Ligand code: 3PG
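There is one chain below, alone, in structure tokens, taken in the form predicted on its own.
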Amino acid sequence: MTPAEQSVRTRAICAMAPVVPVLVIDELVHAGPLATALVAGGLPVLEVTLRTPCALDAIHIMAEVPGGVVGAGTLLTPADVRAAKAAGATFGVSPGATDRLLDACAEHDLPLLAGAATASEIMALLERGYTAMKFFPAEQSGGAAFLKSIGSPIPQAGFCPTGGISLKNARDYLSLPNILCVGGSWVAPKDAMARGDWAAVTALAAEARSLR
């Protein structure tokens, strides 16, 4: 899959909802109910970060939930790409971009939101054919003001900003023409997951869905 083809697929995934839940799964038993609750609330695109021992198993379980589109976040190496694809991930997300990581995603037909936080990083990804990118860490890297400014000289790039995004500031990003969607963890609070309060998660997802 070429970078241009990857970007077409990534943009289509990002267009499915204004918010992509960024999920850290500590308890595998939470995977299925959490995915079901988020999809029911209108957020079908789910990013499971590869930060816990059960993350790959969680991706496998969540990929079976009807209506869900599950991806793997925190991809850092080609081995991560292979493992995520084998677990059932349909897209990948990375905090940055390296040649080896990009080549692995192309080899394994895994659409990638590669991270970029500077004009040079954005231009480097555009040179390779990527037009859909993750902007991370969003708030620490200039936030919505930076993305508004960069949109004039580099309008070809579309972003999914992640990092410090909440219900309070999500609309600041989503109002910009170069924002595809935003990523955030606020729709899956750890206390609600610990209580098994999936109705609360569905309500938060529905609220997030209404942002755009």
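The first residue of the sequence shown is number 1, and the count goes up from there. Please read these numbers as outputs of a predicted model, since none were measured by experiment.
Not on display, but discussed next: the form predicted together with ligand 3PG.
Contact with ligand 3PG in the predicted bound form, judged as any non-hydrogen atom within 4.5 angstroms, is confined among 148 to 156, 180 to 188, 63 to 71, 26 to 34 to 180 to 188. The partner is absent here, but in the predicted bound form a heavy atom of 22, alone among 193, 22, 204, 17, sits within 4.5 Å of ligand 3PG. In the predicted bound form, ligand 3PG sits within 4.5 Å of a heavy atom belonging to residue 51. At the 4.5 Å threshold, heavy atoms of residue 58 stay clear of ligand 3PG in the predicted bound form, well away from it. The closest heavy atom approach of residue 165 to ligand 3PG in the predicted bound form falls within 4.5 Å.
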